[in-house]
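Here we start with a single chain on its own, the form predicted on its own, put down as structure tokens.
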Amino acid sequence: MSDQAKQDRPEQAEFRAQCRAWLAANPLPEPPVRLPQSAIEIMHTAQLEYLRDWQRQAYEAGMVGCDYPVASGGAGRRDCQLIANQEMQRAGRPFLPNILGLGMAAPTIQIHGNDFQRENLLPRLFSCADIWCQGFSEPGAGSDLANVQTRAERYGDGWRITGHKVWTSLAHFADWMILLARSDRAHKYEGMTYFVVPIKANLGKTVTVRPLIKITGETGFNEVFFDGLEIPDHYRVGEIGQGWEVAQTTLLHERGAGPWVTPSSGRGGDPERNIADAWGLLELARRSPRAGRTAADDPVLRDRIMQLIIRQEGSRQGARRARVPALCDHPQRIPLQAKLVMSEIRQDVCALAMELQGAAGTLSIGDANAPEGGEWALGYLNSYGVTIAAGTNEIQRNILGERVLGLAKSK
């Protein structure tokens, strides 16, 4: 029995056994195309459809949205989603593609939304019938999110949205977007309102999505333009002018408070051999030639690998501690530090992988001579987006210092 299973309550142990049995009895076919390293790098319809079908199956098996009420499309369980995640990862299953919906939109709608939103939007989000994206960042409002300028103006019984969002992962496939817009120019924090908006249904009309090519050559990011998109008032989430407070729920989950932010390569396989996982450096070192021997024969490199494994395992054990209130000095310290710590560990792991491979580490995916198919090099380039996403790590340090440690605000 794993350490995770030893902590289960009887009902959780029963659910874990159900998940494990279903996963063993329902293997996935091989993907028809190369899968990306995470959901936010999905570029092609073939990638999406394979992963979307997998999420649908997992939802129908009761492993997605299982902690949500039945009325919201969930299974009405308690503290079981993390167990499902653990078992899916243990079985080597790929990531769930609707991660922005699961990790950010769903908890925000459940907490702040109305009955229409919960009953009509969440079941389709969980089953992946609808893909979701996040409309927060703008050209002049990244980590300074309170500078949002996209406008939401009253129009009859509804709203008219005009503005420009950027760095919008999955917008090229998304049916829906969670959107933060300015409804009152006279106030900064009190002048924003939160919405859910249908974007695919309005493409080519009042919504335009343009891909942004990243340093990797992938196009998971996009910019989205709104030119008078009209929506009814029941797509508003929370009260008018309270968008900043609602957005804090989204950001809290994006930065690690929910069960969906878990360490994983995303594409399945042996979890100890995943790209961006420190354990994978052991085998990589054994396969990387160096001066007639291998990188694994170098005691300095072995020590550096073990230091990364220690950091990574320390962070994972900290996540276990976060589930025991008596062991937490602040309820959000460990969840909030998860994004900061794991993103930097991931970057350091991939950087060492590049060093282990030597000059061959500069070869990218698609090059027949690239070690490991160029996946480590791709992971290294992608790691910079992770340290920027959800507010830069510098911003995250400010949040931890001010909200958790009680330090004075930086000037």
Partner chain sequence: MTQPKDFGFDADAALLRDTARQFLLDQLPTEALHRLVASDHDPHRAPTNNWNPALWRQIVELGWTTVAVPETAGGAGLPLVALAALAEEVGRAALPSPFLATAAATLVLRQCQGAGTRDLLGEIAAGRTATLAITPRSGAWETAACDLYLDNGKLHGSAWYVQDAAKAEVLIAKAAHRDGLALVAVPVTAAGVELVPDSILDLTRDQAHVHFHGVAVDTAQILAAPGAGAATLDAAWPGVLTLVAADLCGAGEWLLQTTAEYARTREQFGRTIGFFQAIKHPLVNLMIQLDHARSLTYNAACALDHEPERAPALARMAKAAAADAGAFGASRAIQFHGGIGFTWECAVHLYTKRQKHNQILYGDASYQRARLAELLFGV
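Numbering follows the first chain given and starts at 1. Treat the numbers as computed from the prediction; the structure is a model and nothing was measured.
What follows is about the form predicted in complex with its partner chain, which we do not show.
Comment: its partner chain is not present in this chain, but in the model of the complex one of Gly76, Gly217, Gly314, Gly241 has a heavy atom within 4.5 Å of it, namely Gly217. Note on contacts: among Leu48, Ala61, Leu381, Met342, the single residue with a heavy atom within 4.5 Å of its partner chain in the model of the complex is Leu381.
By the criterion of a heavy atom within 4.5 Å, Glu355 is counted among the residues contacting its partner chain in the model of the complex.
Within this chain, Arg56 is remote from the site of its partner chain in the model of the complex, having no heavy atom within 4.5 Å. With a 4.5 Å cutoff on heavy atoms, Trp167 counts as touching its partner chain in the model of the complex.
Using a 4.5 Å cutoff between non-hydrogen atoms, Val300 counts as a contact of its partner chain in the model of the complex.
In summary, the region of this chain contacting its partner chain in the model of the complex, judged by heavy atoms within 4.5 Å and restricted to 288 to 296, 119 to 127, 149 to 157, 178 to 186, corresponds to 288 to 296. Contacts to its partner chain in the model of the complex (heavy atom within 4.5 Å) from stretch 14 to 41: Arg34 only.
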